[in-house]
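The chain below stands alone, shown as structure tokens; this is the form predicted on its own.
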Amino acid sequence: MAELTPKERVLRFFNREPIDTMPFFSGMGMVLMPAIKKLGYKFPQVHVDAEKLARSAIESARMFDLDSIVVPFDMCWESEALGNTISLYEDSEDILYPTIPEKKWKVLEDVQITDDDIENIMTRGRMPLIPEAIKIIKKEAPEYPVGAWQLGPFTQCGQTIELDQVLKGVFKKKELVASILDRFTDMIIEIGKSLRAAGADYITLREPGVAADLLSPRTFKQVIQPRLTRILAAWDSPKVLHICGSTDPLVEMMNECGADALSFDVKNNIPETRKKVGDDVIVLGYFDVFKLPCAEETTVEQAVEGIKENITSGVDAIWPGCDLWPDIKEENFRAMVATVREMGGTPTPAVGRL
């Protein structure tokens, strides 16, 4: 059989159908500075213009032989749509993602998410740019799958009110936090449905603020798991659940949430995770997005050795442990991708080969 296109490869992968080689893709931000520079853009521009958002994502995938195109890149879209002002750092030459300098809700009691907010969230702020960018990508790069993502309710809450308020509230204001998380859950469900309707081929639910080094497994089970399960039940497949940080105590609960694949970062013990979930579950991860492709002290040889360890760890696809840091060392990253292409013909626990 001829070599699969990236879209064929990834969609077959999620269906657990045999593929030609291990995918190297993501469901999180993966825009790269060499691509942005090639297009003549400035980093702040790619977050506020649908055409630049789409084309920078397309060029990042094509330039480095990746298997997906993912939008958006920053985490402030929904917070901005709920009334917060973003800072784009337009005068800076550094790579600075948009942030919320000052959040309008200071305490949990201030949080108000109305039915109108939820129903019309896709019309506010920059939100309309994401479906527009997805449609551009589908037209200009039909050979690629398009990935989109949403923050989970706990992390999303931390983008609209200071996270320490939320962490304290879990223990001191349980009912109030529960009601707020339920409203964010409703909002996230609707956004995810809109992104899939716009043409996203798969979607990732990212909940990095609930790792076991931040919340106890008991709190995860009581507060977080039910809402992640509700979101994933409402979304069409393929859908991925990603949690950063320490996740070893959470693996079994993550696997109960209803995702088609589980994604982890470098703090997870992937071989132990594979034992816990068995060979039928798609496991994604988990290379260090700064150390291997970006760190000045990391040689090409070290980057290759690191990705070889990743390939043989028990994962089904190479998938970064978080957003790719844009300022990659090209020689390192190209060597990493080439290594996956060379070694990726071997079947993995959950996905066979043609």
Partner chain sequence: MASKEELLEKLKNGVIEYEEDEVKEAAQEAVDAGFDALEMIMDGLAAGMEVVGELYDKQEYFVPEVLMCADALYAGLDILRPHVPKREGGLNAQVVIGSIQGDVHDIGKNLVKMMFDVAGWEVHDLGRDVPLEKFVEEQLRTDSEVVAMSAMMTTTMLGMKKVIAMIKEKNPNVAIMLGGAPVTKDVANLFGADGYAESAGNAVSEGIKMISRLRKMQSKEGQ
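Numbering follows the first chain given and starts at 1. Remember, predicted model here, so these are calculated numbers, not experimental data.
The protein also exists as the form predicted together with the partner chain; that form is not presented, and the subsequent description refers to it.
Novice: Just give me the single entry in T99, N255, S194, Q225 that has a non-hydrogen atom within 4.5 angstroms of the partner chain in the model of the complex.
Specialist: When the partner chain is considered in the model of the complex, the option within 4.5 Å is T99.
Novice: Considering non-hydrogen atoms and a 4.5 Å limit, which listed residue (K104, K138, K221, K267) is close to the partner chain in the model of the complex?
Specialist: Of the candidates K104, K138, K221, K267, K267 is the one lying within 4.5 Å of the partner chain in the model of the complex.
Novice: Where does the partner chain sit in the model of the complex: which of 272-280, 107-115, 143-151, 161-169, heavy atoms within 4.5 Å?
Specialist: The contacting stretch is 161-169.
Novice: Each of D248, E305 and F333 near the partner chain in the model of the complex, meaning some heavy atom within 4.5 Å?
Specialist: No, because D248, E305 and F333 lack any heavy atom that approaches the partner chain to within 4.5 Å in the model of the complex.
Novice: Taking the partner chain as it sits in the model of the complex, is A198 near enough to touch it, meaning that at least one heavy atom pair lies within 4.5 angstroms?
Specialist: A198: no contact with the partner chain in the model of the complex.
Novice: Quick one: does R62 come within 4.5 Å of the partner chain in the model of the complex, counting heavy atoms only?
Specialist: It does not: once the partner chain is placed as it appears in the model of the complex, R62 has no heavy atom within 4.5 Å of it.
Novice: Please run the contact check for L214 against the partner chain in the model of the complex: heavy atoms, 4.5 angstroms, yes or no?
Specialist: L214 belongs to the contact set for the partner chain.
Novice: Quick check on W325: any heavy atom within 4.5 Å of the partner chain in the model of the complex?
Specialist: Although the partner chain is absent here, W325 would touch it in the model of the complex, with heavy atoms inside 4.5 Å.
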